[in-house]
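We begin with a single chain expressed as structure tokens, specifically the form predicted on its own.
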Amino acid sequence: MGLKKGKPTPETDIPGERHQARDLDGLLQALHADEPMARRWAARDLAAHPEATADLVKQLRREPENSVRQVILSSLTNIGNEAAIQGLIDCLYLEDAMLRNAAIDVLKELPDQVAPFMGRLLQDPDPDVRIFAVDVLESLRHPRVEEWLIEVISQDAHVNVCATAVDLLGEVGSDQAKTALLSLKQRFADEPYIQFAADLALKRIEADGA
């Protein structure tokens, strides 16, 4: 008589199989597992647990596998609470350019959640962070985008921040941006690119209004 095959024991599971407990405690344990696949499954399932936001953010900052990072970012996007937004904003201060850019891309997709933070970001002491904030505005489908850009070119003393803002203002600006654009030209009269970009923005506004 041939031997019958028994059911596989847990020890024969494929590495990374989802055999960890799927409650919150089990998912948090799996988020720190050695196997990237286990971390990826945990990060995906934690999207249903807003109370795990801090753990997801912490793991995002130290996660070595890009595929796991992407799932964590997706879960933070789905959660979209204040802690998730702040965690993503904190990534703008990191040296890791890949993670920084990924965080910017996620923030662009959350206009309503990001809007309350935008005023503070545009006033940040670090000009690079202010530039990143303008980059977020590029795709931020929010009614205050033009208002924020006008404030930047009217108040920011850093030429690179203003240059980034005026480029975008050339795409979204209306008649209400004209005075600020003319003032910008006066403030940076010796900066050829500012002159060029402001003139181009003014021409586009005139053409749209014709």
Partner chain sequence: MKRILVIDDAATVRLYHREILEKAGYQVAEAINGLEALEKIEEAPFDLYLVDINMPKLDGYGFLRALRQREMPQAPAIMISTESSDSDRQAALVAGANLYILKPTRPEHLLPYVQSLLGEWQRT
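For clarity, every value in this text was computed on a predicted model and none was experimentally measured. Positions refer to the first chain, counted from 1.
Keep in mind the form predicted together with the partner chain is missing from the figure; the text below concerns it.
This chain appears without its partner; in the predicted complex, the one residue of 29, 160, 155, 183 with a heavy atom within 4.5 Å of the partner chain is 160. Among heavy atoms of residue 121, none comes within 4.5 Å of the partner chain in the predicted complex.
In the predicted complex, residue 101 approaches the partner chain with a heavy atom inside 4.5 Å.
By the criterion of a heavy atom within 4.5 Å, residue 82 is excluded from the residues contacting the partner chain in the predicted complex. In the predicted complex, the partner chain stays beyond 4.5 Å of every heavy atom belonging to residue 55. Residues in 66 to 89 all lack a heavy atom within 4.5 Å of the partner chain in the predicted complex.
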